[in-house]
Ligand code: NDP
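Shown here is one chain on its own, the form predicted on its own, set out as structure tokens.
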């Protein structure tokens, strides 16, 4: 079957792939590089172990209102693993049989593994982000001042990872006070959660550190006409900027950050490392992230030149 096609719920109802199927689901999903990267890694695994020769990774566009029906169908059709992206990471929590401790703490899942009773949920986003930041910015979260844009599932994973990595300070900027309060409440059990500084207005920017890592965990940038998630004039050139969005290859935030003299990177490294960790969960094998990175980079280059 075609692993580059975007499938739908209607396709899932008629699904008859005889091998071991994996998939990413979201809305929108057409932009996802996950099939290209995972299938490259699966091909490499097959060279060492033929048990993976019938494995394949697909892409499904699923409306949030159809997620309960879809997950039931994915399970019945025997999909061993699923990756979840916007907007499914939080709403899937109540549909799972089991949830890992880290995913429960984050309050979002991005990786599901088939069990006889139902899907078990994991979250590999924090790990992927930390690895992506080290790869793309050459910086560590440890003892860094962090500014996180957003308060959704990706932002929660970012905050939890920053707390576990013992960041020097964590500020969260979000336009909605209710959503920000909800996230802060969900993190209240963390010993260091009281050190998190919420930001809602420009008045809250007083005493912003001279240097740090700004992380865009919003979906702003997926569409060409999206506004910038942050006015870069608010940061000094000593800040580094990490945009979790990876497609387009150079987002507006990335371009604007570079104009202001900041070291910047988009989220391909995060996508690769969270995906590699998910594939390790499904296969029980060590995954070569570099193979996935090259496949994703080539796909982005080809998209840019089409």
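Keep in mind the model is a prediction, meaning the values are calculated, not measured. Positions refer to the first chain, counted from 1.
Note that the form predicted in complex with the named molecule isn't included here; everything after this is about it.
Using a 4.5 angstroms threshold between heavy atoms, residue 76 stays clear of the named molecule in the predicted complex. Among heavy atoms of residue 142, none comes within 4.5 Å of the named molecule in the predicted complex. In the predicted complex, residue 171 stays away from the named molecule, with no heavy atom inside 4.5 Å. Among heavy atoms of residue 279, none comes within 4.5 Å of the named molecule in the predicted complex. No residue in the set 26, 62 and 81 has a non-hydrogen atom no more than 4.5 Å from the named molecule in the predicted complex. Scanning 217, 109, 133, 162 against the named molecule in the predicted complex with a 4.5 Å heavy atom cut-off leaves one residue, 217. Proximity to the named molecule in the predicted complex, defined as a heavy atom within 4.5 Å, holds among 115, 195, 176, 188 only for 176.
Across the options 54 to 62, 40 to 48, 251 to 259, 238 to 246, residues that bring heavy atoms within 4.5 Å of the named molecule in the predicted complex belong to 238 to 246.
For the partner-free chain shown, 150, 151, 152, 153, 154, 155, 174 of 140 to 174 come within 4.5 angstroms of the named molecule in the predicted complex, judged by any non-hydrogen atom.
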